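Laid out below as structure tokens are two forms of one and the same protein chain, each shown alone and named structure 1 and structure 2.
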Structure 1
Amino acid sequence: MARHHRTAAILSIGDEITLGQKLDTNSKWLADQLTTLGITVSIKMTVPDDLAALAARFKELAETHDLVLSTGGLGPTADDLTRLALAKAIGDEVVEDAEALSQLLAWFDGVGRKMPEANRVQAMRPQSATCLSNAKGTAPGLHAVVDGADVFCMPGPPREMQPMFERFVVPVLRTDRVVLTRVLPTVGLGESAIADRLGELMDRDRNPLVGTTASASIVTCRIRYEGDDTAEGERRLDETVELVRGKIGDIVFADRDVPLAEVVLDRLRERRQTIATVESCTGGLVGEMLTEIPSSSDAYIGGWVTYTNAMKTSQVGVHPDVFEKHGAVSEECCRAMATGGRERSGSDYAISVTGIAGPGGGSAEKPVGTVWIGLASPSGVRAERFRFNGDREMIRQRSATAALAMLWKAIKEPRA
């Protein structure tokens, strides 16, 4: 009888993950995939390279979930314990898989190397498990049934794990539930202010459920429907999206998970306009955000990092009197930077950023986190003062995001 997969657990294995030495991106990717497939991820867990602890986690997660996915611990070294731990959880002996060994030998032959004897362990599996071939590396995956739950063990490198999941895991999954999601990324308000606006829409017993997550000054409103009817789910999601937009539509910049820089560049292309940047405290971070997007040169023509007063003068024409009278962190300097950047680049818009990112350099009048952001446009130039909290990197990230948000607000309406 085919098993249904309603709930899933994701297990990330390795000392380097539990110690914070390596970022776990696999669990996020897997959770996204499972949610799309209608399977609820109820727990994500990290476990060190410890045989007893890992075997215990396999056992307890299999007892409480329909599906367990693990990544990592399938290498050829002594601290790669996933095979042994899975066998211990099942109560199996470990045996050598002839086909897996043949594939390992072929892999090494294909790269012109003799297989080290240490890699032979990668062809081992619990007796009742099956090996999953790995087209991108040497570590076969594993599939076993533990206490009625499907357990899939996959390698840690994403380039190996992701194709294995798509080839071997997805075809096995069965669910009688529908999980549908929408996302509305926003900029300009914090989570608490958004929660105040949304009010009862964020009640935890609501379906669709409305929640928020914050990252680098972007707050994303996430809407999730769970049920058994796709058409009904889509209808409810549409209704909820409209209700949410009615409350916070002025700060929603997209209807999907997409960087603000990409939305800005798309809008500039539609308007056949361009942007240049003049940055001080952000050190080129606004330009970096823009150039991370493919084909950004269609709208972003370049910029300056004018970290010193002398560079502000020589590169974008800020008059030395501005520094004498107002200082580099001032409305007057910010406006002059934006104006000079637009004039010298020939762009339609120019963003300028000048501020105090810290940890030193602040004063009672201009504390750390004081940032001026300017925008020169066809209709004139304006500047706005911000006060950002956090460490140096956080202040720089928030400043760059606020600069892009200022531009987005200026161009979000169609060009007249």
Structure 2
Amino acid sequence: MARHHRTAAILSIGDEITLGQKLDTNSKWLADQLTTLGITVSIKMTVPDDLAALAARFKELAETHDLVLSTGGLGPTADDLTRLALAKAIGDEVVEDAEALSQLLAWFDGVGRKMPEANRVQAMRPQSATCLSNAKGTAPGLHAVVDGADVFCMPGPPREMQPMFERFVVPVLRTDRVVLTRVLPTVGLGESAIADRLGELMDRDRNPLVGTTASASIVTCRIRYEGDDTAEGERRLDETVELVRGKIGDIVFADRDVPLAEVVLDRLRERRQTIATVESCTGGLVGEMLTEIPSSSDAYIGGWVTYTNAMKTSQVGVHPDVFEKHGAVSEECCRAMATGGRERSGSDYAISVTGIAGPGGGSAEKPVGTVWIGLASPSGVRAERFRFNGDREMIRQRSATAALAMLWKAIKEPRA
């Protein structure tokens, strides 16, 4: 058994993953858990149901890591080879585990069925391994020591694997390292512009380490301390967070991993104010993002998808002349949509979006990606022109995020 568990490898087993039929969510979940525990996941591997290859990987990973966690391949069918592969990697015989067998029989008894003969193989284990009982299914897990590394084999279904990890793996993990992280989500600047601002704060050899990940228009700044002293780590994290905020504080909208829509709704709730939406090119996406957050109805009262000009006129009162004179994608139309939405819904704020998401509908003057975003508030109405890059989906995503960002900027300060 490893004195300390510093490095870990995660092995996902099964044709359904290498054939691309199934998305592997177990390795993300396990990596997240191990990282939080201060154990570095230095590799994840996914291999098909092939006995020789599987045994070779168990051996290779055990030789190069303190901890190996596998998921999958513990079922009752012929292509479930994890038990045999582990035995082969150890050089063990496979034996039947009496305790596991009785638990298996009890499990089927519990669901009022006779155990199919095929399931009996699930009670088999390598001679030197121990079985880990499965509270949620038939497949017992396995624990063995291979080349001094702790190897745990767990079933594939997350609802069986996760409790097994918490009950049998976590208690035996020993780490002498402290890993602490902070997360600062931002909106309004791209990853490279943020990197320019952060400069040497992003040096790879810095501790805490500062990195960024981008998704649509949200760039999340991640700060990670790795060392052996929790107090020291927290102190350094606070210090680095301050330095980062000094560079990009104006675009940081939270101090944890949280959607922009949730921050906007929380702020509105604090201010006892409400928001309505009037969407054209985003077609309901802004409303969808807001209502994705539980109990959003405290602050979001609803809105309109005014996709045609007729709907813009009949539902939020955009005067037909506006389309004549300026077109539907114009500052005038955008302002009228926001104003009409605020008046007709009785909300404190209304955001409006009108633009050209493409692929068609663009012109030299108003190319695809041209989007007007408006905000009507107690202090008046304003609209801003954006030019987004990307395909239809990306333009819509960026437009909706920009709309939430415009509202966020208007309400981020406590109410006067």
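Please read these numbers as outputs of a predicted model, since none were measured by experiment. The term rigid core refers to the maximal set of C-alpha atoms that superpose within 1.5 Å between the two forms. Counting starts at 1 with the first residue of structure 1 and goes up one by one along its sequence.
K.L.:
Of structures 1 and 2, select the one representing the form predicted together with a further copy of the same chain.
P.N.:
Structure 2, which is the form predicted together with a further copy of the same chain, differs in this respect from structure 1.
K.L.:
Where does the chain hinge between structure 1 and structure 2? Of Glu200, Pro294, Ala78, Asp176, I only need the one at the boundary between the rigid parts.
P.N.:
Of all listed residues, the hinge one is Asp176.
K.L.:
Going from one form to the other, how many degrees does the smaller rigid part rotate between structure 1 and structure 2?
P.N.:
Treating the chain as two rigid parts, the smaller one turns 8 degrees between structure 1 and structure 2.
K.L.:
Met161: how large is its C-alpha shift between structure 1 and structure 2, with the rigid core as the superposition reference, in Å?
P.N.:
Comparing between structure 1 and structure 2 after core fitting, Met161 shifts 3.3 Å at its C-alpha.
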